[in-house]
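Take a look at this single chain, the form predicted on its own, given in structure tokens.
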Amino acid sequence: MQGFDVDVVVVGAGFAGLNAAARIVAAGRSVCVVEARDRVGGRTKPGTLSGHVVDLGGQWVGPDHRRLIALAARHRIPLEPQFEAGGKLIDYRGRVRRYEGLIPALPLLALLETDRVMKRIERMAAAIAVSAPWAAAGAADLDRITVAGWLDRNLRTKGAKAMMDIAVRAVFSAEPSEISMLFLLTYLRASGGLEPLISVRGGAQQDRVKGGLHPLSERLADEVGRGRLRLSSPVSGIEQDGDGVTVHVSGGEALRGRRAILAVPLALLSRIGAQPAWPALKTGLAQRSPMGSVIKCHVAYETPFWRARGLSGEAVSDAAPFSPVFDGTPEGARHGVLSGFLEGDAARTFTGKPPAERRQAVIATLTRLFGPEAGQPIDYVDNDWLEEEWSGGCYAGLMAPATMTSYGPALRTPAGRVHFAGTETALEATGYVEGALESGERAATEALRALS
């Protein structure tokens, strides 16, 4: 029998893997975290814009994100509110309009229909158990149809259809035609419904971490202990036997543990060889769970000129590639920042293109929305998440029709001595850093229970 290097080998140093490792350390067990990147943080990433740190990945904190809020409080890192004072803008059918509230200004029938369908979706999501959505009444029918197909059946007005398309794209970084209706409802249920996911105050975009969200991953890594981390160490394979697991790292190194936790996107599972092979349902799920498509962009200006015009900086468009948009100005900064996303088809159009080409499209959209002043930026930065080798997209893995009911039960099921974490597996706040933290907590609990 081979000796063990550690009790648990954790693969992936994002928030899920780090939180799992921190829990294992706190329980008095030994752990090693191996990470392919040269940094921790996973799908959070720091950048610099006009001399200030910006988040090129995950950034927002909702009021229900209790684990993330506790992590920030533990390290005395304050939160700051997402700016939302003032009117919002919508570019709809070739015209830019100002509006207040959650639902944009639309023709009356479209407005009424949007409100009706949102309430119906909220009721449908409330009936789903996140732990086993495949067991819900009518799950098979809901999983056979795409969100686009369901909306086509249930909406008559072009305005309502456009608003729901915008909302789905913003939440999932995907087109409504790419995901199943059951997956959408399950994802919404994990965050308390659709309204919290598309809202600022009281919603998932309520706050930001002062100085950026990514530094919290550094503090979590400190909790684990830097000596327990191995960066720039891609895992090539995992072998299991009757006693433990051997994790093979590119370059020939092997780490021996009693259990392992795999905290990487499901879409990357095929890049990690397994002996014995991964269970068929787990492999099938991974093959059918592509990542969302998103490029995150920040644009800096001499001042937040939109605020002087009574605008919040929030804007959406039914046609322009850069949508949604938010005020990304750091609290206390003199300059202004507009932050937003190229998502779904737009992200796939611009992925791999020169940053200058993306910048041109982004500035053109902002100029259309906010006027000539938006055409005079002082800085620009973006991050193409589709080009990220160890993510393959963002914010999270998605499920197409017939995936959740056929393969979903394998989502959180261990494969022998290997447990699975990652925001895709979360029961709370799926797709958010909070979900990553929750999943790491669960996976650590599973591994510790198995070790006891």
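Note that residue numbering follows the sequence shown and begins at 1. Please read these numbers as outputs of a predicted model, since none were measured by experiment.
There is another form of this protein, the form predicted together with a further copy of the same chain, and it is not shown here; the text below is about that form.
> Is Ala267 part of the interface with a further copy of the same chain in the predicted complex - any heavy atom within 4.5 Å?
It does: once a further copy of the same chain is placed as it appears in the predicted complex, Ala267 has a heavy atom within 4.5 Å of it.
> Determine whether any heavy atom of Ala126 comes within 4.5 Å of a heavy atom of a further copy of the same chain in the predicted complex, and answer yes or no.
Flag for Ala126 set to no.
> Check Glu302 for me: does it contact a further copy of the same chain in the predicted complex (non-hydrogen atoms, 4.5 angstroms)?
Output for Glu302 is no: heavy atoms all beyond 4.5 Å of a further copy of the same chain.
> Please run the contact check for Gly371 against a further copy of the same chain in the predicted complex: heavy atoms, 4.5 angstroms, yes or no?
Outside the cut-off, so no.
> Just give me the single entry in Ser177, Ser317, Ser199, Gln240 that has a non-hydrogen atom within 4.5 angstroms of a further copy of the same chain in the predicted complex.
By the 4.5 Å criterion, the partner-contacting residue is Ser177.
> Out of Leu386, Ala410, Ala415, Ile69, which one falls within 4.5 Å of a further copy of the same chain in the predicted complex, going by heavy atoms?
The option sitting close enough to the partner is Leu386.
> Of the listed stretches (419-427, 394-402, 58-66, 24-32), which one has a non-hydrogen atom within 4.5 Å of a further copy of the same chain in the predicted complex?
Comparing against a further copy of the same chain in the predicted complex, the contact stretch is 394-402.
> Check Lys119, Arg156 and Ala308: does every one of them have a heavy atom within 4.5 Å of a further copy of the same chain in the predicted complex?
Not a single residue of the candidate spot has a heavy atom within 4.5 Å of a further copy of the same chain in the predicted complex.
> Would you mind checking 47-73 for residues with a heavy atom within 4.5 Å of a further copy of the same chain in the predicted complex?
Contacting residues: none.
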